[in-house]
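Both blocks below hold the same protein chain, though in two forms, and each is given as C-alpha cells: structure 1 and structure 2.
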Structure 1
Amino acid sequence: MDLLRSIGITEIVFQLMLVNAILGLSIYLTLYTGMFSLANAGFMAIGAYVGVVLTQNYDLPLWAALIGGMIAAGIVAVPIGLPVLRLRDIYLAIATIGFGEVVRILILNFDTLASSISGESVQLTRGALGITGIPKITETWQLLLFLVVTVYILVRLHRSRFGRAMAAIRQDEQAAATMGINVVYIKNTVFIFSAILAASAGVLKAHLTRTISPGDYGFDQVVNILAFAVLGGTSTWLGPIVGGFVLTALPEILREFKQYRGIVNGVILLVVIVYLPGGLVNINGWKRLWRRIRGQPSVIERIQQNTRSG
C-alpha cells in the first residue's frame, strides 16, 4: 500500500479499483460469448439496493446481503434474457440499455408505487434522494478474495466444455448450433452469470461508498463498465481487470494536472484506443505497435511488397 500511496492511490481508491475489476469481468462474460449486452448497470443497481435493504432494514451481515443481491439479479435475468437474447449486435445493446433504464426508473418510483398499492407509507429506495448512512462493512481482503475466486472460476470455465461452447458461439452462432451446441441455453446461462457478478459488485460498492441513488446506475455507468473491458481488452480475463484498475487509478495519478486532468485522461485513453485497438492486454497489438515505432512493415505489408516485386 505504501507504493500505491506514493502515486496517489489511497486504500479507498484501491478498493474501488477492485470493484471495477469485478464489473469489468461481468461484461467480459457476455462479450466473450459474442453478446453485446449492456444490462450490467441495471443488475448492479438491483444488487446494490437489495443488499442495502437487507443490511439496513433486516440487520443481516454482508455475506447474506451479497447472496441476496446476487440471487435477486439472477432471478430477474431469467425472464429478461429469454426474449432479449434473441436480438444481436446493436439491437441487443439498445434493448439491454433500455432494461437498465427501466430498473433505474422503477427504483426511482418504487416507494410511490408501493405506497399506492399497499395504502401505507413505504420507504425503501427513497426515490431520487437515494439511501445514505449505509454501514461501511466492505473490506479490502473481501474484495481481493472475491476477485480471486471469480478469476479461478473463469479460468476453470474457459477450460471446460461450456467455455469452449461460449467461444464457438462468439465465432459463429449458426455453426455452433449446427455442431449440436445448445445456443439458447449457453447464452442465457452466461447472461445470468454476468448479472450475478454485476450485482455482487453493486452490493460490495454500496457498502463501501455508504450511499446509493438511482443516478449512480444511469448511462454513464453503462459506458464506464464497457470501457473497463474495451481498454483492457476482451481476448483474456486479465483485460477487464487491467482496464478497471487503470480507469479507476488514472484520475488519481493525474491529480497534479488539476483542471487539465480530464483532458490528459482523455488523450491517454484516445491514444490507447487508436494504437492498441485490442486493448492493453494484447500481445499482438503491442508487437504491431513496436513494429510501427521501428518502421518495420507488418506481415500483410510484407506480403503485398513481395507480390508487387514478384
Structure 2
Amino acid sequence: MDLLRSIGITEIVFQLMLVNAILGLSIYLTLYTGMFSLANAGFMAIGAYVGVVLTQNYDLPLWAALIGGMIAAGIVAVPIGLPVLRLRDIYLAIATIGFGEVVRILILNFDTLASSISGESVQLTRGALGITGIPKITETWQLLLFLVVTVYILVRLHRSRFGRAMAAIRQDEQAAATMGINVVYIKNTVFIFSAILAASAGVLKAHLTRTISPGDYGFDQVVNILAFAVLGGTSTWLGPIVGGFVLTALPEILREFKQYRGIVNGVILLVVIVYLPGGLVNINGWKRLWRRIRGQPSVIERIQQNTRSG
C-alpha cells in the first residue's frame, strides 16, 4: 500500500481506476457484439444525475440510488437502441455521438426547461455549473464488489448461449441470423446492459468526485471510455479493466510530466491501434509485434505480400 502511494496511487486514484474499469466494461459489451456505439457517456450522465438527485433530494442510500440510476438508463436505452442499432459501424457511431450530445444539452438546460413548463422555479441539475457538495459515500470495497460481480456475470455470459451469440453477431451478423440467432433482440439487450453498466459507474463516480456537471459527460468522456477498451483490447473482459487501470494510474505515476499528459494519451491511443491492434491483453498481438520488431514477417503478412506481388 505504501509502495502504491509512493508512486501516486492514492486511495482515490485506486477508486477511480475501479470506476473506469467498469466504464471500460460497459463499452466492451457493445464492442464485443460488433456494435460501435458511443452512447456510454450519455448513459453515464443519466445514471449520475438520477443517482445524485435520489441521494440528495430524496435522502436515499447509495444502493438505492445505484439501482435508480441503472433503471433510468435502462429505460432510456430501449427507445434509443431499437431504431439506432439498425445502423452499422460509422453510422452507428455518429448517431450515438448525437444521442450523447442531446443528453448533455438537455441536462444543461433541464432547469430552465422544467421551470418554463411547470411554471415554478425548478432547481435540479443546476445548469452548466452542475451539482456540487455531493457527499463522498462510495467506498472501495463497494467498487471492488461491484467489479467482481460484474466480471463473474461476464465470464458466465461468455459461457452461455447468449454470450456465444454475441460473438457470432460480431463476426458475421447475417450468418448469425441464419443460424437461428435473433440479432435484433441480442443487440438491443446488450445495448441496454451496456447502458446500465455505464449508469452504475456514473452513480458511483458522482459519489466519489463530489461534483457533477454536464461538461463531464461530453464527447471527451466517450473518447476516454473508448480508450480504456482500445488500450486493453476487447478480446476478453480483462482488456478493458487493464486499459481503465493503466490510463487512470499512468498520469498519476507520471505526474512530474503533467503538462504532457494529454500528449501521452494521444500517443498511447495511436500507437496501440497502429502497432498492437488487439490491445495490451492479447497474446497474438504481442507475438505479431515481436516478429515485426525482429524483422520477420508473420505468416499472414507473408501471404499478403505474396498475393500482392503475384
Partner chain sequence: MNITQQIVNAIWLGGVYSLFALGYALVFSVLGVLNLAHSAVFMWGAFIGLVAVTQLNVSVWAAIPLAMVVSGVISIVLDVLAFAPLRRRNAPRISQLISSIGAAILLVNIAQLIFGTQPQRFPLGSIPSDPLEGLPIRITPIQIIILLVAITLMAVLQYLVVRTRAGQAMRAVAFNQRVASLLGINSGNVFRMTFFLAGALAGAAGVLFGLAYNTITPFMGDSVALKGLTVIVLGGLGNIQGAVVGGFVVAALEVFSIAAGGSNYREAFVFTLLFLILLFRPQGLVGQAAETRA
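Because the structure is predicted, anything quoted here is derived from the model rather than measured. Residue indices: 1-based, along structure 1. Between two forms, the rigid core is the largest collection of C-alphas that superpose within 1.5 Å.
The first of the two standalone chains is derived from the form predicted alone.
Comparing between structure 1 and structure 2 on a rigid core frame, one finds that I273 has its C-alpha moved by 3.9 Å.
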